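Coming up is one lone chain in structure tokens, specifically the form predicted on its own.
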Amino acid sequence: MSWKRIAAFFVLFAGIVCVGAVAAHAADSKVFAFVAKDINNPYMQKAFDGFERACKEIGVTALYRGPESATPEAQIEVINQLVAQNVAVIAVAANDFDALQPVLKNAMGKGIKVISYDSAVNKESRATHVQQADPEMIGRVLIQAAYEMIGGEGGLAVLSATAQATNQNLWIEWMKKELEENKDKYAKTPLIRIVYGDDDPTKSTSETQALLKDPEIKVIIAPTTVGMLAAGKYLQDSGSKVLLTGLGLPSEMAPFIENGVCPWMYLWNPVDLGYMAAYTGDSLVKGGITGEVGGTFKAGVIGERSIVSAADGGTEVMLGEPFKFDKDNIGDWKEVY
């Protein structure tokens, strides 16, 4: 064997050893990383509170990371940094369903357990997804709420987050199905426009302002906490008669529920979502689950959860059903989260 072949052999061998060492280090790491859509998002911060609490119970360190703006390119930079740190778990709320695949597959190849929460990545980019509530139920109940608020007469508009947000788009698809499958019921409540505020308060406000120029629109549905707050403020300040529903934080939306701008809305507990994400990652690290259908694990005080099939062909673990917040109960919840 020539010296060149011997040298090549040792380079290859060293690379294999190096990759193996990285994978082992990631598996042995005591650091779980939580990647937000954007780092200043109040909903993401609440979810991290639960993630961090669970990590303390598990006995690992929780990292809160995220970009300044909700873009996949910025998330990729954050994830690359976490891969270099050899964290044990990356839990990510995706700004794009497919764009994160190369960086997340790289992470998994190095022994890091990857899950998505809130907004899924594609099935090739994760072990499993932590789902806040049934997407079909969310989409349908938001249309049903808007219909009820205006007595079945008036146009509807959706103020979403980013155009690439997996969860938002799935909910919107179910909104459309609810309308299409019940055409007689919704004959006088058409979906007129869908706009995107990019989970940015300023852009969400300007999109709300633009929607109000259409006199047919009577309800705005905002399936994003950032959009809900921005729309609520603008509707209140402008004195508009257009109503609001969607997915909002009780602490932020209480004034608008109490003054009637938003008769009622829905959400789940984001603290519990983050909490369950940490326990999902821990069970993957310890080998209690692999992400395959049928796996079960105990998510701390939330209790036992099972891995089930997801609509995209991958798997997921479900937190629960959407919860309705209205004038009767908002006072009990606005100090909670």
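This is a predicted model, so every value here is computed, not measured. A residue's number is simply how far along the shown sequence it sits, counting from 1.
There is another form of this protein, the form predicted together with alpha-L-rhamnopyranose, and it is not shown here; the text below is about that form.
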| query | finding |
| --- | --- |
| Whether F48, Y279 and S283 all lie within 4.5 angstroms of alpha-L-rhamnopyranose in the model of the complex by heavy atom | no |
| The single option of A107, L267, A127, I172 touching alpha-L-rhamnopyranose in the model of the complex, heavy atom within 4.5 Å | L267 |
| Residue (of Q131, N86, T225, N122) lying close to alpha-L-rhamnopyranose in the model of the complex, criterion heavy atoms within 4.5 Å | T225 |
| Which of 160-168, 75-83, 144-152, 200-208 lines the interface with alpha-L-rhamnopyranose in the model of the complex (heavy atom within 4.5 Å) | 160-168 |
| In the model of the complex, F32 touching alpha-L-rhamnopyranose (heavy atom, 4.5 Å) | no |
| L247, heavy atom within 4.5 angstroms of alpha-L-rhamnopyranose in the model of the complex | yes |
| Residue contact check: D118 to alpha-L-rhamnopyranose in the model of the complex, 4.5 Å heavy atom | yes |
| A54, heavy atom within 4.5 angstroms of alpha-L-rhamnopyranose in the model of the complex | no |
| Residues within stretch 41-61 having a non-hydrogen atom within 4.5 Å of alpha-L-rhamnopyranose in the model of the complex | N41, Y43, M44 |
